[in-house]
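So this first bit is one chain, no partners, the form predicted on its own, shown in structure tokens.
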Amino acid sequence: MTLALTSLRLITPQGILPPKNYLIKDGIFTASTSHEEVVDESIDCSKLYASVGWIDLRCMSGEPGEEYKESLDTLGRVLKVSGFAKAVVLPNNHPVTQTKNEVEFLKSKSKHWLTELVLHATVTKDAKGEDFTDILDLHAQGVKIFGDGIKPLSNPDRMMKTLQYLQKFDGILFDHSYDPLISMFGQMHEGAISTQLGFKGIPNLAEDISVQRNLEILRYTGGRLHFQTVNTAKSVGLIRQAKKEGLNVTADVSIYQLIFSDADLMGFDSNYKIVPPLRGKEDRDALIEGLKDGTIDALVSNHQPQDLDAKQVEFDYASPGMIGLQTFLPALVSLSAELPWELLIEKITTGPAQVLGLPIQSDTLTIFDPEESWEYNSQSNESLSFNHPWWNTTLKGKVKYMLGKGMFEQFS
């Protein structure tokens, strides 16, 4: 079957290309070279933009163990309607992804996804930061990314040995770096608003000293280290300096860290309770500057589903986390008033591909309408959870088509 995509504007890291006609023939995306080509269907894309398929470096499933929050089937659906051609799924399930059995289970459950699963396994057993998993055996099953997911690798000895061990096969350590003792019992960003609300705060120091320590370890060991969900001004500066020195370090930021701030917690809405916490304007400005100058390589959804009972309790007892896949494009639309589309697309295509050490897949495509409005509610939601502050609101920006694994799908 041959599809014609007429007047489509492609976004690349270099800029937005003029409208042009393209073809999808037998799952392959190419430029149209003639007006006389025989096509089975023609799609008017004059209002649409496209790029190579998006890559998410951090999202979470509830399965196995908490399928009521998000099953792998629903995660596969929400990933594709959100425009993601590849996704790194965190290993913090029950049991955690730490043996050949869990890896084979994930492969089997995701093989029919339109989105390609990128395997991520824990580096310590049960993500406790103590005994190591069988890293070489997991690598033999196709795992290249290691780390304890939502838990920081806070033991410096384990951090050092992991970075050394992963060099045997050019593995990557993904770490959400913060000090769990300094963060203990914290409910939100430590600042004027936490004081006003009477909540124990999580100081920037919890992240700053952990990033600084881990960079010093990286200087000593070598290897590849990727910081996930950085969100303080000082950590951005530390990573910027490390890159200038030539250290093999990369970083990402959760997209909703750039949309919301600690001021949004004034209403005690537990949907804003996340880890790392939403911070203030100074830190947000530093994150934006980090995206602009290349210090921060990728934007991530940090999709963390929580069920109703985990969120609709007193704020102190609410579980942290926010879903972020279907709201990802509307968040990009919001950011596009401040950052150019070519930069935003770079941070979800070439940026994360370079983090993973992968080439850009020209056989994937995400087509979207940045102007289309839609209601984010129980009818449109593809996730099993709805822990997001935009629930039951009108959003702007809709993914319309996806090409991946030789398949082309349309979404309403």
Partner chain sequence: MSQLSTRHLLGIKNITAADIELIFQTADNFKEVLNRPIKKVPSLRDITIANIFFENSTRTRLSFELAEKRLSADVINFSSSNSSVKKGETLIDTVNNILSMKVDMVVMRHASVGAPHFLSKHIQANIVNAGDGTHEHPTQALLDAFSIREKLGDVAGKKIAIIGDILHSRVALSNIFCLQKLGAEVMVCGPITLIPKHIESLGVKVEQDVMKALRWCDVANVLRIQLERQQIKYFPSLREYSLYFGINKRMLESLDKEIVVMHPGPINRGVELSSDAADSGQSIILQQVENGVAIRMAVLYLLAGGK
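Nothing here was measured: the structure is a model prediction, and the numbers come from that model. Numbering follows the first chain given and starts at 1.
Just so it is clear, the following notes concern the form predicted together with its partner chain, a form of the same protein that is not shown.
- For its partner chain in the predicted complex, the listed stretch (324-332, 219-227, 138-146, 193-201) containing residues with heavy atoms inside 4.5 Å is 193-201.
- Between the options F169, F132, F105, F268, the residue in contact with its partner chain in the predicted complex by a heavy atom within 4.5 angstroms is F268.
- Listed residues A263, V313, I209, I288 were compared with its partner chain in the predicted complex; V313 is the one with a heavy atom within 4.5 Å.
- For M184, a non-hydrogen atom is located within 4.5 Å of its partner chain in the predicted complex, even though that partner is not displayed.
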